[in-house]
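Before any questions on how it binds or moves, here is one chain, the form predicted on its own, in C-alpha cells.
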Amino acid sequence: MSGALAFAWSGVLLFGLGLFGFIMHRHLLRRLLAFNIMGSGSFLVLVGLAQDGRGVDPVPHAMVITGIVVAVASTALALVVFRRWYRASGRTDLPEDT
C-alpha cells in the first residue's frame, strides 16, 4: 500500500467516525464536531487520491485549502446559531431530536 492510499483510507475512516458521531449524538456541539471530523476525512481523501506516480496534482490541494477556509467560516456561523438557539430555548438539542 502506498502512502497516498494510506492517506485516502485514513480519510475514509475519519469520515466514518464522524458520520457515526453525527448520527449518535444529540448535543449540537458534538454534532458540529462530528461534522468537522467528517470534513477533515473528506479533505484527507482528496489529498490522498491527488497523488499518483507522476507527481502531485495541485487542483485537489487547492480545493482542500478552499474547503478548509469554508469549513472554518461555517463552523463559526454554526456556533453563533447554536448560541442564539440556546439563549432562545435553553436547550442544546433540536426539538425533533427528543
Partner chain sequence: MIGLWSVPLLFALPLALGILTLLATPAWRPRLSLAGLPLLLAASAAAFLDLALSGPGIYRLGDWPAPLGINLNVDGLSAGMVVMTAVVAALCAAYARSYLRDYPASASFFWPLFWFLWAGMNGIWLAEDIFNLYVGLEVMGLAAVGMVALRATPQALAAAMRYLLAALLGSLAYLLGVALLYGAYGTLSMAGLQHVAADNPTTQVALALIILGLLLKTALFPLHAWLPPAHGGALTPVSALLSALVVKGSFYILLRLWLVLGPEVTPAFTAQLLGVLGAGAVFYGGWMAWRQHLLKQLVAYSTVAQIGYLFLFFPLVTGTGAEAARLAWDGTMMMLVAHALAKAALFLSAGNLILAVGSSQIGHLVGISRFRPLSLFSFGLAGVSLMGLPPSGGFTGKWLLLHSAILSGQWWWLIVLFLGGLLSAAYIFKVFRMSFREGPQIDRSVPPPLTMDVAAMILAASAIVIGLTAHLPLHWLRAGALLGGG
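On a predicted model such as this, the values are computed, not experimentally measured, just so you know. Numbering follows the first chain given and starts at 1.
From this point on, the text means the form predicted together with the partner chain, which you will not see here.
Although the partner is absent here, Ala78 lies within 4.5 Å of the partner chain in the model of the complex, judged by heavy atoms.
Among residues of the shown chain, Leu94 is one whose heavy atoms approach the partner chain to within 4.5 Å in the model of the complex.
Proximity of Leu17 to the partner chain in the model of the complex falls outside the 4.5 Å heavy atom cutoff. At a distance threshold of 4.5 angstroms between non-hydrogen atoms, Met24 is out of contact with the partner chain in the model of the complex. Residues Thr66, Gly67, Val70, Ala73, Ser74, Leu77, Ala78, Val81, Phe82, Arg84, Trp85 of 66-87 are found to place at least one heavy atom within 4.5 Å of the partner chain in the model of the complex.
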